Structure formats: structure tokens, C-alpha cells
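Single chain ahead, by itself, as C-alpha cells, in the form predicted alone.
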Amino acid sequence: MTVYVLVLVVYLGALAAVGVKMSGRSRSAGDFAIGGRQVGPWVTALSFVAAYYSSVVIIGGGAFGWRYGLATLWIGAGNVLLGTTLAWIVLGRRVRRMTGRLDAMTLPGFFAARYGSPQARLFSAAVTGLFLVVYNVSVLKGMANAFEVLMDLPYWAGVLISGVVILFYTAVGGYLAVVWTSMIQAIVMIAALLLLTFMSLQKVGGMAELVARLSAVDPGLVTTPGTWGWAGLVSFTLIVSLGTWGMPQLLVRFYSIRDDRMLRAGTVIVTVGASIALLPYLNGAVARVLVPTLDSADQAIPALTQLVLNDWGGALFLAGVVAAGMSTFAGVLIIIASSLVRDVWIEGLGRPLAPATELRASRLTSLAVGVVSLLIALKPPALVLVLTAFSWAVIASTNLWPLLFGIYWRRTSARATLASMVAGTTAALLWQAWPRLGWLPGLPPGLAGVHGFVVGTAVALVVILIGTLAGRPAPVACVRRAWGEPAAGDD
């Protein structure tokens, strides 16, 4: 306990110090939300890794590895190739340029400026804000589960310890505090996962022995799709990979990088760092052999850590889990606060604020949203990765196609965009609620494992395509501004 407390006090104290240091550099709402668009490639890339592969992936991915075996490695591979590398290649440069031209600091703000649609701004802000709170609950739960097992603390104590430090440095330092602490957290997280993987494989006797022992437990744990089935494995891989393309707390990294030419170096850095995504699933499979009995699958990685690492190694891993969760939680707080203040209050309700007042309102809103997340996390409703998948499905169904079409297809219709958001969100929610609605017939056996993300994004895609082809394009002035062209009267 002494070792754990010592490591955590030093680590959390360092994060708080970064928040204080960065507080002097957040002089406006733009600094608070996106760091004044002056962040370098290393910080941008590593903070992306930390925000993406949070305690949700470490704890939740381990839980799925424990439950479904080695087939879950495909999820990690999808995270790297689709969710990270391809996202940076396809989205990075265009998002950075267009948000700069449109002076957009949030994703709902981008929709309003790109499509001339205040309705799209409000709908996206409402859905994103609500379901990012659900996501934050899953992040807090992952950190608290690690405290619970590794330090024998009550679950509620883990929630409070994690949450209070995050609330402090986020509210004080804003986005710059978030990305700089996230870079530190990514390094700690990578080191912790590499250490755990090396020691776990050594304990189980290597990969060949792991496969043999897993096969003895259940042959489905070493085959693809294994015990999960194709519907569950493929749809879940898509949601936690392509789903990131519509997640504001990750997209904001493209807004804030100093120059779009830095994205090339950032893509290499982020791909290497993102490779750690495979390790939680592998370690979860190891835990199935070494720790076959658990009260909850979410305890697989903490229990494995307790078994294979000494006190200093366990303390490092706990710091890594906390680091991963904090970086994500803090980034989400910034997104929600900026969106509520700017997109809902100032733009949506037409209540302008002075720059100093807007900055203060953003800080207070981040605190309020964080407190709400803490209270909900004290009684979480489900497994970490289940919560994450639910929230990501709805957010991606709302934002994914309006963003992708908005940066690549000039003709995309404003009305079709709003209709796509509403239809995608409704479809994702209805599909995920379907099994619990007794008055509806059961899903066909072949579709029962398909996640709401696949249904929601498919419906949203059809709506935006048909609506754009049949309807009017977005206002010409909005399109020309987004593409960096002179206004019509200036030709």
C-alpha cells in the first residue's frame, strides 16, 4: 500500500502541477477549447492515443479478452488501422483546414458553419453532450475497478480519487493542460501495458502454451470468430474503430494542431503508439487461464496485475490505468463544456458572453458536468465496454456521415444532414433497446448480435445520400468558405 500511495501521490501531484502551469496560457475560450490551434505533432499524436485507448480499453478490453479469447485481438487491430491510422489520413488535413477557415471550435459548430444549419448544431450538441456523459461514466468505472482490486479500496473511493484530480486540472488549465498531461499519460500507459504483457506471457509460459491452455478451457477461445460469433465481433470492431471518426474528443486533436503539414509526422507517431491497443485483449485472454474465476470480467486486468507484478510494477500499472482514464475523461469534459457554452448558450439561445465570462462559464460547466458523471459512476449500470459501445453507437450515428460528407462532398444538403442525424440516432437507440421492449417481436437469429452502431450508421448513410441527391445543396457561401474560395461577389 505504501508503494502504491507513494507512486500515485507523485504522479497525481505532477498532473495537478501541469494544470496550474497551463492555467496562465488559457486566456480565452479558444485557448480553453482547442489550445489556440498551436499544439505540436508529438503532443497531438500521443494525446490522441491516451484519449482513445483509455481505461475503457485497458479494463474493458481485458474483460472482453477474458470472456471471448484471442478473437478479440481483431478489435485491437481495427482500432489501430481503422480507428487511428486511416482516421488521421482521411480526416486530419481536411478537418484542420476547414475548421480553421470556418472558425469552428467544436464539432456542432463545424456543422452550423459548414451547412448553415443552427438546427444541426443544436441536435449534435445535445446528443453528443448527453452520451459523452455516459461514456465518462464508463471511464470512471474502469479506473475505480483498478483501485478496487489493486489497492483494496472501496469502489466509491476509486471514483472520487480519479474524478477530483481530473476536475481540478481540467477546469484550471483547459485544453492545453489536457493534451500535455495526456502526452505524459500516454507514455506511462504504454510502459505499463508493455510490462504487464511481458510478465503475463512469461507467467503463462509463452504464446504457444497460452493457446494450448485456452483451447483446453474452450476451443472457441482460440478461433475466429470463436465463442462470440461474426455478428458480435465484426459489429463491435466497427463501432470502436470507425466510431472514433465521429467522436469529438478525438477529432478536436485535428482542430488544435499548429499546422496541417505536421499531420504527416503525427500519423507515424500515432500509429506506433496506437499499437498498444492489442495488448489489453491479449492480457485478458491470459487472465482467463491464470485467473479463471472472477466476480466480474472487468476485474480481469487488475487481478492479473496483482498476480504477475510486484508492488512497484503494480503501482506503475495502476498509474497507467489512471493515466488512460484521466486523459479521456478530461478531454470529454472540455468538449462538453465548450459545446454547451458556445453551441447551446451563445449560438443556440443567442446569449452572447464577453470573452472573460465565456472562459469562466466554460470552466464552471466542465466542473458541473464532471460532478454529474461522478455521481452516476457511483452506481454504474453495466460493464465498462458495454457502456462505451452504447454511447459511441449513438454519437457516431449522429456525427460520422455529416462530418465525412461535409469535408469531401460540396453538394451535401443541410436538410439531409439534419435528417441523417435524427434518423441515425433514433435507429441506434431503438435497435439497442429492442430486446428490452416486450411488445416488439424478437430479432432474427442472424441479426441478434449486430450492434446498434451498424444499424444507426447504415440508416444515417442512406438518409444523407438520398436527401442530398433529392434536395438542395448547402448555401453556396458556406461551401465556398469551407473550401477556402472567395465569396461569389469577389470572383
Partner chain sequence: MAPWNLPWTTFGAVLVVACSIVLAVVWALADKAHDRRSGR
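This is a predicted model, so every value here is computed, not measured. Positions refer to the first chain, counted from 1.
What follows is about the form predicted together with the partner chain, which we do not show.
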Residue contact check: residue 275 to the partner chain in the model of the complex, 4.5 Å heavy atom: yes
With the partner left out of view, is residue 70 within 4.5 angstroms of the partner chain in the model of the complex by any non-hydrogen atom? yes
Does residue 168 reach the partner chain in the model of the complex if we count a contact as any heavy atom within 4.5 Å? no
Given that the partner chain is not shown alongside this chain, does residue 77 nevertheless sit within 4.5 Å of it in the model of the complex, heavy atom to heavy atom? yes
Assess the spot marked by 208, 264 and 268: is the partner chain within 4.5 Å of a heavy atom from every one of these residues in the model of the complex? yes
In this chain shown alone, the residue from 307, 81, 187, 217 with a heavy atom within 4.5 Å of the partner chain in the model of the complex is 81
Could you check which residue among 85, 357, 296, 227 gets a heavy atom within 4.5 Å of the partner chain in the model of the complex? 85
Counting only non-hydrogen atoms, which stretch in 412-420, 119-127, 200-208, 174-182 is within 4.5 Å of the partner chain in the model of the complex? 200-208
What residues in 84-107 sit within 4.5 Å of the partner chain in the model of the complex, counting heavy atoms only? 85, 86, 89, 93, 97
